[in-house]
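Presented below, as structure tokens, is a lone chain in the form predicted alone.
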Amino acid sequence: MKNVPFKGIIAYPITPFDENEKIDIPLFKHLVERLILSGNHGIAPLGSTGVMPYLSDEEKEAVTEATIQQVEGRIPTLVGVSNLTTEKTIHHARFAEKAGADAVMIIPMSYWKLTDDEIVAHYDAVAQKISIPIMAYNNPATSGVDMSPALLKRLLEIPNVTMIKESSGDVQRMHYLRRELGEDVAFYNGSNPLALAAFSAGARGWCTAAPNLIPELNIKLYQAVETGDLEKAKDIFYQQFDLLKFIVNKGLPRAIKAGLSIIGENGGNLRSPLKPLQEAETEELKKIITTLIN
């Protein structure tokens, strides 16, 4: 399997802000270090959890550099570089490569509905400007674009596009990719509640923000799958299922920040228009986390 640097649990750090809604880089580095020390297999800044669309170009570059500096090559890094325009996506992809990222992740952000040909051309243009691999990210809930299995198959024909992250919530797409492309296709689950089903379908890894709160359970699930212990995998998955549903339903940045506070970690502030969880929601999350860590 060529140019596929990721396997296992790929953790998404949040982007913390100070009281003036400026990025807190020292705190960000601390949160990245927590994810490394807890045993995750990869780090993916500037995704949905990291509120990438809310950041300026300069802030994205600062977060990219801070991640590479903190990781220091200990585990692979996957940097989100998506933008509305191909030109800006290329700019961020080239910056990430120069900074030392192992791969970049691209979701086809759109105001106007893009055609399949436009999406393929977008990825191809970026791929021609960098040498590191690209993970194509399908998440219609956040991008407004739902890439069909047939389109994902076309994207994998672009040499640099070697990985697919599927977050539509449709596990059948993963089965389709495996059936159509064989054992060599590297696809990753991005839908937290489908983690077990995705691994069963052959997912190579799980891209998730959950390790900010429950890294041991996330990693144990992957290890159980790797050893073929399905019963153990089911048990571990069902333990964390309520938390996985909660953080998705309430919004990853809000939920992860609240969860970090509950476990005694500083998660920083959010950037407007995002606001913290309501008191009742925080109490609900506290009950879920307390059950898992006690």
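Please read all numbers here as calculations on a predicted model, not as lab measurements. Residue numbers run from 1 along the displayed sequence.
What follows is about the form predicted in complex with another copy of the chain, which we do not show.
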- [ ] Identify, from the list Lys98, His175, Lys129, Lys153, the residue with a heavy atom within 4.5 Å of another copy of the chain in the predicted bound form.
- [x] His175
Task: another copy of the chain: the contacting residue among Val161, Leu217, Ala201, Val71 in the predicted bound form [heavy atom, 4.5 Å] - done: Ala201
TODO: Considering only heavy atoms, tell me if Phe237 and another copy of the chain come within 4.5 Å of each other in the predicted bound form.
DONE: yes
Task: is_contact(Ile36, another copy of the chain) in the predicted bound form, heavy atom dist at most 4.5 Å - done: no
Open item on the list: Since only the chain is shown here, I'm wondering whether Ile75 would be in contact with another copy of the chain in the predicted bound form (any heavy atom pair within 4.5 Å).
Closed with: no
Open item on the list: Quick check on Gly42: any heavy atom within 4.5 Å of another copy of the chain in the predicted bound form?
Closed with: no
Open item on the list: So if I measure heavy atom distances to another copy of the chain in the predicted bound form, which of the stretches 224-232, 61-69, 28-36, 258-266 falls within 4.5 Å?
Closed with: 224-232
Task: Partner contacts for 111-142, taking another copy of the chain in the predicted bound form and a 4.5 Å heavy atom cut-off - done: Tyr111, Trp112, Lys113, Leu114, Thr115, Asp117, Glu118, Ala121, His122, Thr142
